[in-house]
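Below you will find one chain, with nothing else, as structure tokens; this is the form predicted alone, and questions on how it binds or moves follow later.
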Amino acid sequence: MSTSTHHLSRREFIKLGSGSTVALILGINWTLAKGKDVEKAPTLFSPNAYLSISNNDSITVVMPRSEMGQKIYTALPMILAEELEADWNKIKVVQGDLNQIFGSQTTGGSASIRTQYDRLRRAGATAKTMLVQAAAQEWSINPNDCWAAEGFVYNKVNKQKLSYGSLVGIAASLPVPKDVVLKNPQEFRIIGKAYKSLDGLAKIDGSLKYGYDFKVPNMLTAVVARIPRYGNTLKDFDSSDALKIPGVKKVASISSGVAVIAEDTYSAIQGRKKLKLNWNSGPFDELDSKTISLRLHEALKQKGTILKQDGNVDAAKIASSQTWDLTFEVPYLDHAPQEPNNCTAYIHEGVCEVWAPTQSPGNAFWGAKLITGFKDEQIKIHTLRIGGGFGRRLQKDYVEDAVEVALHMDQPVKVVRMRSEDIKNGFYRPASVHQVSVGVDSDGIPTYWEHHISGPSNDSSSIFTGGAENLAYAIPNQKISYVMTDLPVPIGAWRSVGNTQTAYVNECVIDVIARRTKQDPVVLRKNLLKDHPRHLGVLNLAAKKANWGSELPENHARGVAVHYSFQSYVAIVAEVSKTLKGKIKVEKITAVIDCGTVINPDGVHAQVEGGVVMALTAALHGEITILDGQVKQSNFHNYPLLTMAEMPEISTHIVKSTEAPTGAGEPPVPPTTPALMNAIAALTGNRITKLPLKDQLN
């Protein structure tokens, strides 16, 4: 395969034709005068900002979102190539930098495919339409007598063909059509097929450059001695010994601590070791996880804010035959991407230029603007490849570090973090506590559902309540409420955000109802989801593929969960076993996803598997704890990831659908944990209501 990847370093936008359509020019200078002949034959055809076709037949697709392992670097070009009728082997991809022409470039919420699908289809169809028109003009025939396939336009009359590359000059002179006809999905030849990643080989041979690998000429490296405790401030520091380290160029105070700037990373780290630092104490020096837990539990005594209220919960409580009250608690979690945070910045000639592995170029822009006070046109954001994000790269703290340091130098500076400081200085998935009260009638049918949630404060409660109000089960009386508590621990979006917590609670409680009323957990769910066909679709398929109800070996059990998030539906069946020593092992995960129209099945399978692994990691091990006002964990020895020995067999299945494409990266995470908890409850009789499992499994 001759595909390759490039980084887009310079861009020039010009307006073409009467439609004033913006075209992307990649290092090629050519001019068009309206109403005049072409002054110089174009070697590039760029009908819109998403693609350009060269006279050598190569097709360059501009990537408007960030690639961090979710395979959109392949899936998004597939969408465009489908409508373009392109030769897939001619496709190249460049990373688009921040530009308003793309609209939002934030990569999160499993939205890349969903939000770009129509845009990319139209971009490809527009180019194809113009190329067909160009060929028709060349042959002096009606465009209806032409058709396009595999990078060529064919003549129905004389059976001739012209390559796309040979048509760029004529196509570039044509007006851009406002409306184009899209293909019937039944005619798709690329969308829906499994394609290998365009960047797979570069990942294997090491040629793919991530943010940590990025270099520009004359670049320096900096590390930061960070404020150790929440609420502390810098009192003073002595840098005399640090400046004696060979290679150290400067030591400077910035908002997050003291930066040591050097010729290389090693010198910067050695200089940081020599710093003498004094910190002012703050109000949280004695804060610990126990105190945080107590405060969250105490907050549940407040009535809180109502998210949803249907029917009459109080009356239903009185009328119910049986009622149960349960309390669940989940901890803070770190994102722990394999690539620690880093960013390069250079302030020169009145411009702040930033190179960042970011999920949100827009947020990076505002971080740079906040620090410099520059005008919009003075800030340039270049998006780099990300070695794992999971929501962490939505933040701008590491960008602000780099820009602050760059203000002290007249050279580009990359600010890097070690694993330990990255884990200790995260924006964590919030801890939360959930009180649930439920009741059933004499037939075991749920009559009411009351869910009260306590979590740390943020701009939006959805960071820990997300999904709670979307309970799909047919329960007539519902009340969902929450209370927020001020805590200094920074919080941020973690893969699937609040759904990781609410799905765990909701699906475990449904399982409690099933088992205490002696109903099959799948059957109860099916009865309560009769009005939700897509929920039922994934649930039924998961039960079938997992052989739900069939006999299992001794000391084995299954658990099930189903959840809707990011407009997708996922059902998980977990099978667990217990050894002679009483240790629990996750044997198998059966996962089913309905994410609408699938672009690349290989990518969806990878996302489901990755989501399951991340959920199991969190359920088994994940916990950020606070002691003396700071995070205790510092590396993978005390913030462990799932090991190969713990890895279960994962069987993934995709529901065939003609619905619009939706999310695939985050939806598998939420139902995995409750499916596991429900399997453990079925096996041991022990209902796990506080995560992580850790010693609770033995």
Partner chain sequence: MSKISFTLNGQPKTLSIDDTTPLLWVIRDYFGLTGTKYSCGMGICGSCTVHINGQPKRSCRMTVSEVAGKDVLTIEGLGVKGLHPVQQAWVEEEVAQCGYCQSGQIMTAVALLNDVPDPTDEEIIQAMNGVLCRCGSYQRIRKAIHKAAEEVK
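Positions refer to the first chain, counted from 1. Since this is a predicted model, take the numbers as computed values, not measurements.
The same protein has a further form, the form predicted in complex with the partner chain, not shown here; the description that follows concerns it.
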item: Position in contact with the partner chain when the complex is considered in the model of the complex, options 299, 176, 269, 445, heavy atoms within 4.5 Å; value: 269
item: Selected contact from 264, 377, 236, 410, since only one has a non-hydrogen atom within 4.5 angstroms of the partner chain in the model of the complex; value: 264
item: Heavy atom contact within 4.5 Å of the partner chain in the model of the complex, the stretch among 541 to 549, 417 to 425, 285 to 293, 323 to 331; value: 417 to 425
item: Residue 617: touches the partner chain in the model of the complex, heavy atom cutoff 4.5 angstroms; value: yes
item: Distance check, residue 318 to the partner chain in the model of the complex, heavy atom within 4.5 Å; value: no
item: Contact test in the model of the complex: residue 68 vs the partner chain, heavy atoms, 4.5 Å; value: yes
item: Contact label in the model of the complex: residue 494 to the partner chain, heavy atom within 4.5 Å; value: yes
item: Contact set, 661 to 685 vs the partner chain in the model of the complex - heavy atom within 4.5 angstroms; value: none
